[in-house]
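First comes one chain, alone, set out as structure tokens in the form predicted on its own.
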Amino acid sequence: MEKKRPVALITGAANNIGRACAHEFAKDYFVILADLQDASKVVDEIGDNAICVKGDVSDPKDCRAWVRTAEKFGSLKCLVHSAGITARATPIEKLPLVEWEAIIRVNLTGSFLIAQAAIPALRRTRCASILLISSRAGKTGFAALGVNLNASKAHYSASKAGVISLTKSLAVELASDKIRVNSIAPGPIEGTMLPKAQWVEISKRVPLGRLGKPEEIAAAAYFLCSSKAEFITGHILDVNGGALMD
């Protein structure tokens, strides 16, 4: 019987970190590129080793459909969840409930929904991995490095803190199934939609003196999902140029 090829499901794959992860994982996996946006350009870049699927990570039906698609192409070995949205800086006392709920729904509830949908398929594969993208903001409570601290994006930071806690809960719960669960907490990364002058100011506050590259996050994600990291689970890996050392 022909052995099924390993499949990686990557959310948020149309841009930035998710796009870099798609290229990194396509070296050894068939990749399913899931995004609310059209990721067909990324498929064109990768070639025959990828397909794209559209949908909303905050919709459980879409999450389940992505997993079903993944299993049509092989054994789901890795879930790399990069999909998420950012937030405008707003003081907590002026933060509309609708904005709070939108960020939590996509960033935290979306992480729960895609993990929940993928677990049965990952359990069938065994020795599988879940990698969630959190953020330095989930540890510090603010999203910018000394920029506009009076408007700290509390809803974004809270959503990413939830992702960190969810990572640890899943790691404990799924350990007996040989499913490892880890997270990367990126610092400031190139490609985020901010004015160039603001990024220059932020980079001055990073000990390594620059912004990170999406490819550096992708490389770390690949390592955590690889056989070289088989004794690592429940870990939150800081990739931030020294912006946070804890």
Ligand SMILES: NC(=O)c1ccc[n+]([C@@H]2O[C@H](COP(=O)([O-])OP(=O)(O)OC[C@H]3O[C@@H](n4cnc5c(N)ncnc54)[C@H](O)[C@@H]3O)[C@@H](O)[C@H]2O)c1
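Just so it is clear, the model here is predicted, and its values are computed rather than measured. In case it trips you up, residue 1 is the first one in the sequence shown, and so on.
Beyond the structure shown, there is the form predicted together with the named molecule, which is absent from this document and is the topic of what follows.
Peer 1: Which of 83-91, 112-120, 70-78, 172-180 has heavy atoms within 4.5 Å of the named molecule in the predicted bound form?
Peer 2: Selected stretch: 83-91.
Peer 1: Does at least one non-hydrogen atom of residue 233 fall within 4.5 angstroms of the named molecule in the predicted bound form?
Peer 2: Output for residue 233 is no: heavy atoms all beyond 4.5 Å of the named molecule.
Peer 1: Does the 4.5 Å heavy atom contact test between residue 66 and the named molecule in the predicted bound form come out positive?
Peer 2: Taking the distances in the predicted bound form, the answer for residue 66 is yes, it comes within 4.5 Å of the named molecule.
Peer 1: Check residue 56 for me: does it contact the named molecule in the predicted bound form (non-hydrogen atoms, 4.5 angstroms)?
Peer 2: Yes, contact at 4.5 Å.
Peer 1: Does residue 17 reach the named molecule in the predicted bound form if we count a contact as any heavy atom within 4.5 Å?
Peer 2: Answer yes; at least one heavy atom of residue 17 falls within 4.5 Å of the named molecule in the predicted bound form.
Peer 1: Sort through 220, 43, 36, 206 and report the residue having a heavy atom within 4.5 Å of the named molecule in the predicted bound form.
Peer 2: Only one listed residue qualifies here, and that residue is 36.
Peer 1: Even though the chain is shown alone, can you say which residues of 175-189 have a heavy atom within 4.5 Å of the named molecule in the predicted bound form?
Peer 2: Contacts from 175-189: 186, 187, 188, 189.
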